[in-house]
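To begin, one chain is listed below as structure tokens, in the form predicted on its own.
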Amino acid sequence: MEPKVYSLSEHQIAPDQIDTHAFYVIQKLKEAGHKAYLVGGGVRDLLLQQKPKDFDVSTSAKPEEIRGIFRNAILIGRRFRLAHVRFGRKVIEVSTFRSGDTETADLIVRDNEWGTEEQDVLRRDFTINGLFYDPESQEIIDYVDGYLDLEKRLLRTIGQPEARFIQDPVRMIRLIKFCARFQFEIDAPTFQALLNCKGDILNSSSARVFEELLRMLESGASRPFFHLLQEYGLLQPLLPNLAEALQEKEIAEPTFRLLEETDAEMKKQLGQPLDRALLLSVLLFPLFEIIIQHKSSRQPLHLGQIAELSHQLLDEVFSPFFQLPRRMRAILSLILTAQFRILPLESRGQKKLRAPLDPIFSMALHLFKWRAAVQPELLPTYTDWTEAMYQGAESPAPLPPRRRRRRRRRS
């Protein structure tokens, strides 16, 4: 198959947009006699005039040959063997051209058969991710009409859609991710395959799916992503209790409005990245609030009982497919419980607020800030707690009690 080649005058990717370390890796591989290109999401994002998060390289060099060329390379993965070339904290991921059966509807459990650049493209997920870019010749190399699909803003699998989704069900999550991030249309055969294969998502690695969900909470497009997951029926097999709850308007509306607030903040990309447990709490709090209101209408609840109910909620929402990391589970429970410390179920009159100088309480107050943006009547409470935190931070720590010196008896 002859690829279509697009020159600089057509694609208009400026040379200074290419990461210098990725360019260096490609040059070194070529000097050693190998083919090497930028590939995947980095090329796609450059064509969409967005800043790529990563620059990945695909090459004819075998993993061991890559390690021989770069002293700063380590080999990772069993299912998918590749090299990480490290430059300080930055990592350039370098994969070898793969081959393999792209049409047989069997779950992929190993993917280490080496091939040509054309074979490598044909085993990738979507046409928009199947483009090579040669930074030396400044040419886009396209075997699958991915360039035209980007212009049409169309999502299409490479190869037979149902077979590709059965081979790797996480591709269905990625399809919805690209739909949410870029507002692309899904072509008809790909969309029908998504509906037909959605139950196969449980055949995928729960860790990979969970990572995709967390990345979307960090993406600034979590609201459309989770809306589409629910609309297309993929949330039901993954998080059935949450999917059922989101059918209720009183839970769905505040959940999606909180996701909008989160997205607005993530798009600004100010300060340190937010803890993933905080981001995950946005999905859970509206459901948790309804549960607590229902329980407290029967009998008063203290914070210890609310904490127990939070752990029960986490079990019910994430089991049996996902297993929350222990640290994340603990922080999530504390964030959810602290919402009822910040705003108690019953008014206790005027008391001086004492905000703990605790990073987890700061996260809880961060969630309350998003809640106050959705419910302006909460703003005075948020302001009071914010002032209490600042006052606590400015107050000098009390000095330890002075020890009285004992007088020695003279013998």
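Only a predicted model underlies this, so the values are computations on that prediction, with no experimental measurement involved. Residue indices: 1-based, along the sequence shown.
Unshown form predicted together with a small molecule; subsequent notes refer to it.
The stretch among 332-340, 183-191, 140-148, 165-173 whose residues place heavy atoms within 4.5 Å of the small molecule in the predicted complex is 165-173. In the predicted complex, at least one heavy atom of residue 45 sits within 4.5 Å of a heavy atom of the small molecule. Using a 4.5 angstroms threshold between heavy atoms, residue 63 stays clear of the small molecule in the predicted complex. Although the partner is absent here, residue 354 sits far enough away that none of its heavy atoms falls within 4.5 Å of the small molecule in the predicted complex.
Contact check for residue 256: no non-hydrogen atom falls within 4.5 Å of the small molecule in the predicted complex. Checking 276, 124, 156, 98 for any heavy atom within 4.5 Å of the small molecule in the predicted complex turns up a single hit: 124. A single residue from the set 295, 227, 215, 311 has any heavy atom within 4.5 angstroms of the small molecule in the predicted complex; that residue is 215.
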